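So this first bit is one chain, no partners, the form predicted on its own, shown in structure tokens.
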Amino acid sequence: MKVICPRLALAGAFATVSGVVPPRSPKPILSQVKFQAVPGEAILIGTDSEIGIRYELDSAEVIQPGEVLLPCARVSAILRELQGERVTIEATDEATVIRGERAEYRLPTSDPAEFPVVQGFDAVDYHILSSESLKKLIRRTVFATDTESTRYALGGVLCELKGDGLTLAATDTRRLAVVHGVCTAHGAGAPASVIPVIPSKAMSQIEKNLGTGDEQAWVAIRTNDVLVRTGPVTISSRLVEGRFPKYQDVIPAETPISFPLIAGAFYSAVRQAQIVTSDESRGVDFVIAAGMMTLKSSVAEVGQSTVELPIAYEGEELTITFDPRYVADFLKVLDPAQTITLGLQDSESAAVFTTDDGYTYVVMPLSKDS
């Protein structure tokens, strides 16, 4: 095998697939990146056996087709340090040689036939939406997953694809994030019998590789896995086992108390109040009164804080206690200028934040003795 690649393009492709390569694994072969040279392009593949990434590098000049395994950490360091515009990778049965400008590295070879299969995007039934839109939907939900839960479904994001609609939902039982978007079905779409939950790690990798502008993302949900293609990158992942909670039941049907807030100003107030909290005492009292919201926190060994935020509210006074981290997680994924609506029932029931672009976030309050 012999391939000549633009150095910067190869380094970028290698960095993309190495994002899923485990730094430590009982299977040493998973610390490798598979490099395939086929007519017209080079394909780089990385996997941790659960999530796989394929990168199609069409700027490669394939002189002799073939495939080789490259040690991820070592080759990443080589590509960072090499000089010149082009890199040559040449592999034989004895060694793999990587050449740059006035530098050459000779590495041992491993049998690429032993590398796990990571398939490309071969689906005929899938949905299409803009990469920018999918990126925003993932950012608005993935933070609400619970990666440490023994209930595996809570460690992923529910992905419902129906016709021209996409719904993502995530929860750790203390808060719930639900967001709706639009898409276009190609073929039969997703199987009706599958309620897919995609691991949060896979969702983070997908979000990281999604572009902006007019780029499209293709999403294929199948019985046991999901495929997402965007540009030269295809990400595959097994689905999470387990049943996702009926999230619709968590969203309050009515919120007799409601008023608008500006995300940026509210986020600033929450961050200020969060300063005077501790690991043992995280609660902040949100005192809602006519014309003013006052955020109060008090920790014996830390101190006290009072932060005021003018609001458009004229009802009776109400105090509800939140863990400010959960409120801040929601606010930081929004445009600071965006208007949100806070809906409440009382001081002990779930609060619901909504936006005018299909985003709902539910937070459970803390008990008074938290």
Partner chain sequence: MSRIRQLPPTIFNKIAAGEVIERPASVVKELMENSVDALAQRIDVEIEAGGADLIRITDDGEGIHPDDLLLAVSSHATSKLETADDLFRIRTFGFRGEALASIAEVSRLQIRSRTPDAIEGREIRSDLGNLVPPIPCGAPVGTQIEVADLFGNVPVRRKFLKGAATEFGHIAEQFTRIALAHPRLHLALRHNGKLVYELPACANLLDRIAMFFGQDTAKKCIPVESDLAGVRIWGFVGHPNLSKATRKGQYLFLNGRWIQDRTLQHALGESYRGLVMVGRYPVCFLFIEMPPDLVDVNVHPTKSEVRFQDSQPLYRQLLAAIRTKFLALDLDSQLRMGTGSSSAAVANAPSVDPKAEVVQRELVSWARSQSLDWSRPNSSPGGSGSSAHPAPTPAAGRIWSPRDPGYAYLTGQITRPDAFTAPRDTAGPSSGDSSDDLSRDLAPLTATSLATLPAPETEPAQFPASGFDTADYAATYTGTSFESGPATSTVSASDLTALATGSLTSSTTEALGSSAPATNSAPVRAMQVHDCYLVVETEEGLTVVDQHALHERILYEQLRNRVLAGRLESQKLLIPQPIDLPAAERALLAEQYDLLAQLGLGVEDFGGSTIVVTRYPGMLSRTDPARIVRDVCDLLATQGKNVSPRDLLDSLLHMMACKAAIKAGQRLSPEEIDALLAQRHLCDDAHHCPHGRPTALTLSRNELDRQFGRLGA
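Positions refer to the first chain, counted from 1. Treat the numbers as computed from the prediction; the structure is a model and nothing was measured.
We do not show the form predicted together with its partner chain, though everything after this point is about it.
Looking at 160-168, 101-109, 128-136, 243-251, the stretch with residues near its partner chain in the predicted bound form, meaning non-hydrogen atoms within 4.5 angstroms, turns out to be 243-251. Residue contact with its partner chain in the predicted bound form: Ala15 places no heavy atom within 4.5 Å of it. For Gln119, a non-hydrogen atom is located within 4.5 Å of its partner chain in the predicted bound form, even though that partner is not displayed.
Although the partner is absent from this view, Phe259 stays clear of its partner chain in the predicted bound form, with no non-hydrogen atom inside 4.5 angstroms. Residue contact with its partner chain in the predicted bound form: Ala9 places no heavy atom within 4.5 Å of it. Using a 4.5 Å heavy atom cutoff, none of Val124, Lys201 and Leu227 lies near its partner chain in the predicted bound form. Distance criterion of 4.5 Å from any heavy atom to its partner chain in the predicted bound form singles out Ser281 from the list Thr184, Ser281, Ser268, Thr92. Taking a 4.5 Å heavy atom cutoff to its partner chain in the predicted bound form, the contact residue among Glu85, Glu114, Asp214, Glu81 is Glu114. Residues of 90-104 include none with a non-hydrogen atom no more than 4.5 angstroms from its partner chain in the predicted bound form.
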